[in-house]
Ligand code: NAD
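Given as structure tokens, the chain that follows is alone and in the form predicted alone.
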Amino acid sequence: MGLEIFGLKGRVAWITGGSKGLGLQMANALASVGADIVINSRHAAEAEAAAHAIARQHGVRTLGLAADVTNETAINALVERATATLGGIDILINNAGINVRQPTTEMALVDWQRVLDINLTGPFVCSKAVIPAMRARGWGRIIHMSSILGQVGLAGRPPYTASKGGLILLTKTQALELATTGVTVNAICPGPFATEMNRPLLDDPEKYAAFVAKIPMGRWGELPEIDGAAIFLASPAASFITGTTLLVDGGWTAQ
């Protein structure tokens, strides 16, 4: 079978928050093995620009749309448009997420709720929107982007760790719900990567060094190092894998 087992030609992949960072990186990775790409962002211009760039680079069909992952009406409309334009969505990567860094006693309730809404409710809304058609076709891949901070705690990150830990259990629950349907549900747990979300850490030498000290490999992840995990879990190669988490963390959680 060779490398064809990792091919995604003829599949349509939707990456939430796909206009930058790990989302854009994974969108390019799936396009490189043949998938047509749907990207959404809260900003239409960013989503459209990313989609056009992917189409030019990889020669696949793309669609860039603005949609808030917490808005069920908007997400259902996105799925309808994507289906009408590119065909049914075969792969969903729930990548959209935010982080607010404050200890519990200083965390405003509105910030707690905003992180939970985007990081946990958003993946629920988006997966709910695509599951019926995936189940009817008998094939689908849902990949939730959790984090090493869904596995271990870190002071000053209460809503982020809670949301990413909840996402791991949502992964397991949905995997059980869909286990006999041909639809798999898995999670990727990245360690520190040099993304815009981590800019406050990247720009602070002391905080940057503190994170490096926790990583046995002695460095942060480089963006292309997420590609293999995304392609693998989205591909036919992962057909008997569901309800699991794949850690891409340089050994952080091995300690």
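From 1 onward, residues are counted along the sequence shown. Just so we're clear, the structure is a prediction, and the values are computed from it rather than from any experiment.
Absent from the display: the form predicted together with the ligand. The rest refers to it.
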**OP:** Verify the contact flag for residue 68: yes if a non-hydrogen atom of it lies within 4.5 Å of a non-hydrogen atom of the ligand in the predicted complex, no if not.
**Re:** yes
**OP:** Answer with yes or no whether residue 20 is in contact with the ligand in the predicted complex, where contact means some heavy atom within 4.5 Å.
**Re:** yes
**OP:** State yes or no: in the predicted complex, is some non-hydrogen atom of residue 197 no more than 4.5 angstroms from a non-hydrogen atom of the ligand?
**Re:** yes
Original post:
Does residue 131 reach the ligand in the predicted complex, with heavy atoms at most 4.5 Å apart?
Top reply: no
Original post:
Among 76 to 84, 173 to 181, 90 to 98, 151 to 159, which stretch sits within 4.5 Å of the ligand in the predicted complex, heavy atoms only?
Top reply: 90 to 98
**OP:** Decide if the three candidate residues 42, 147 and 192 all line the ligand in the predicted complex, where lining means a heavy atom within 4.5 Å.
**Re:** yes
